[in-house]
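Just one chain is shown here, as structure tokens, and it is the form predicted alone.
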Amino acid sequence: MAGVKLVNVTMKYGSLIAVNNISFECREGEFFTLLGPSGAGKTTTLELIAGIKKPTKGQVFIGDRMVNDLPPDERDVAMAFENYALYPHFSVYDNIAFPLRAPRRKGELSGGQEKERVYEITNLLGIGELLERKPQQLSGGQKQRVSLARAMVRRPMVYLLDEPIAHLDARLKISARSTLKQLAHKLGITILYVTHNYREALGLSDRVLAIRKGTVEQIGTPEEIYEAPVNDFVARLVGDPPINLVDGAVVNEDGKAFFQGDDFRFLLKQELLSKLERASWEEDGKRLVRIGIRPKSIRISSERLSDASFQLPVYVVVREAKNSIVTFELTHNFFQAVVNNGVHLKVGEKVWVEVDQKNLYFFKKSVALTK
């Protein structure tokens, strides 16, 4: 196994910049995830590492070797794609065994060792009974697991996994995540993983790279990405329901500071003012700031909770297994809270809302607020 490093890598398609001067290092034996929305540059980054594409500028290293000029088959990486790319005329067994039979690996494994390797990975992925079938006889989820097995059957220096479980149903996703985590731990392998699903990123990874429009926004542990997002984009990337973002002015009255939005205002705790100061900006003679509040950090009551609470009318309530998601309609977006199912609320009812200010974020604005 080996680590991977990108140094000032840019990839352009004409005037379109798909990857914009990014640098990062995936350590040897690390499960490293690229997390971002569609079009962020995640797949292009993997293709640059695999050698499918060549960077416009910058350097790609696998281990100590710069591999910019090496073809894919000389980089010793294995890649699984979201779109399966299975050979239709091969059986499942032959599709999975195909990387073990490449001419440059001829003679590395005996027939018995090949079978052992294929059976091991297919049993782990729960597709051992499919080995005699052809791809056209498989469901989408089965095809995806076969594609993943084909990538994992070899022992390359680096695994590149592009949305490898995106099409699995919820039950199989949980199983596949557990399998990936088990394989990574058991084999001590280096994995670069691409996903738009924050649960996969936080649940599987040693570290996560948040990417937007080809630019690195933040690199950190799952805890750092969730608990200490560097900006509003990263904050919105993780969490369901997503973090509430509200813009407003900072108003000083009688030696106290208040957050004043279009729809509510509340008293700010003194210990937060230094953090607020770093994120605020001046506009039209006002000091403005964007606050971020996770839905789980909000309390709701029919009675006033504190001097920092405010009132909003309930827009809609969606009941789930253990909790309910309460939505309030604001001027520019929606505002959501997660409450225990024991709290009974009616649409249109005006309730008191309080923010847990220990978990209040302050940002400069970089994403649009939309309903």
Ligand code: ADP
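Residue numbers here begin at 1 and follow the sequence given. This one's a predicted model, so the numbers in the text were calculated from it and none came from an experiment.
Just so it is clear, the following notes concern the form predicted in complex with adenosine-5'-diphosphate, a form of the same protein that is not shown.
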Partner-proximal stretch of 298-306, 60-68, 330-338, 31-39 relative to adenosine-5'-diphosphate in the model of the complex, 4.5 angstroms, heavy atom: 31-39
Sole residue of Ile22, Ala18, Leu360, Val353 within 4.5 Å of adenosine-5'-diphosphate in the model of the complex, by heavy atom: Ala18
Three-residue site Tyr13, Thr43 and Lys53 fully in contact with adenosine-5'-diphosphate in the model of the complex at 4.5 Å by heavy atom: yes
Contacts with adenosine-5'-diphosphate in the model of the complex - residues in 233-263 whose heavy atoms fall within 4.5 Å: none
